[in-house]
Structures are given as structure tokens and as C-alpha cells.
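Just one chain follows, in the form predicted on its own, and it is written as C-alpha cells.
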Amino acid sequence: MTALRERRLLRRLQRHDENAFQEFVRLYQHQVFNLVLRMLGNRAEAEDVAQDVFVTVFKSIESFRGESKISTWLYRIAMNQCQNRIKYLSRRPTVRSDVLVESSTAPQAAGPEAQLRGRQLEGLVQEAIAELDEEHRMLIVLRDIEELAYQEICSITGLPEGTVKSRLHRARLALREHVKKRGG
């Protein structure tokens, strides 16, 4: 989204323009849902949290100061909602019912056996991401899956860039260990 278009949409959102809100949801619903699903690992919980994210945006749009992109602010809200839900769920016995989202990132190899191996490896990686601690999972999802810039991740997490990079390095090592344990 261009900066001009984002500013116009923001002004309309701040006036509580319902059409602007619907446009905003259309623009970001898949990104928010995928992010939340990867963090929570449960489709039903992710649907609830993603909806809560947009309700929070609608209720608090006046507090957005424009110091970052609106998408960065949205991701921060989504991550905060995920952290809150993870804390809530940790006090209740639950089972992860989903292994993240289906993705088209599996290698499209020449033969069906290679495609199957690629999908199996992707499944292993997704399971390993789901097993990471909350902070590592968040950094892997934001950087390696959502492909956000370090500066955006810093805005979302409130961490300095050096800290993000070092923790991301540790998160990748932990991810590699999880995959290796599962035979990947």
C-alpha cells in the first residue's frame, strides 16, 4: 500500500468510516489470521483472536500516532493479543488441534516423490515452529515467514535491532534442533 493511500485510509478509519474498516479488514485479514494461527497453532483460537485484533483496531484507531506503518501497528496488536491468549491458554489444558496453515512454499519438484518429501519437510518445520517458545516463535514468524524488515520487528516487539538479531539467531538454532530431533 502506498504511503498516500495508507494516510487516506487511516483518516477514514479515524472517522469510523465503516467502508474504510471493511477495506482495512479485506487488506489485512489473511495476513493477520496466518500470523495468529502460526503463533497459536489452533484454528478456532486463531479465528477468535484475529477477530479481536480488528475489533481492537476499530476501538483504538484514534491512538495510532502514525510513527510507523499502520501494518506494523496492526502486527503489534496481533502479537499482543496472541501473547494474552497464550497466557490464558497456558492456565487451561488444551491440545493444539492444527498444524499451522497450509502453504504453497513446498518445493515444486519434478516428481511426486520429491514433492511429497518437500511437503513432509515443511510439515516438520511447521510442527517445530509450533513447539518453539513464544518469543522464538514470534521472531521466526515475523522475520522468516512474514518477511518483515528488522526495523518493523523492532517496532512490533519494542526490542533493539541487535537484540532481535541475536534472539532470532537463537530461535533459528532451536528450530533446527527441533527439526533434527524429528528426523528432518
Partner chain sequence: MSTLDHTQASELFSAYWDEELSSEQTAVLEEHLGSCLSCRQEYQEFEQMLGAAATLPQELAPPNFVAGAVKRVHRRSRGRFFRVRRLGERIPYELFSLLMLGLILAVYLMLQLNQPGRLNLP
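Here the structure is a predicted model, which is why all the values come from computation and not from measurement. Residue numbers count along the first chain shown, from 1.
We do not show the form predicted in complex with its partner chain, though everything after this point is about it.
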Q. In the model of the complex, does residue 31 have a heavy atom within 4.5 Å of its partner chain?
A. yes
Q) So, in the model of the complex, is residue 50 in contact with its partner chain at a 4.5 angstroms heavy atom limit? A) yes
Q. Do residue 5 and its partner chain share at least one heavy atom pair within 4.5 Å in the model of the complex?
A. no
(Q) Is residue 163 part of the interface with its partner chain in the model of the complex - any heavy atom within 4.5 Å? (A) no
Q.
Since the partner isn't included here, can you check whether its partner chain sits close to all of 17, 55 and 150 in the model of the complex (heavy atom within 4.5 Å for each)?
A. yes
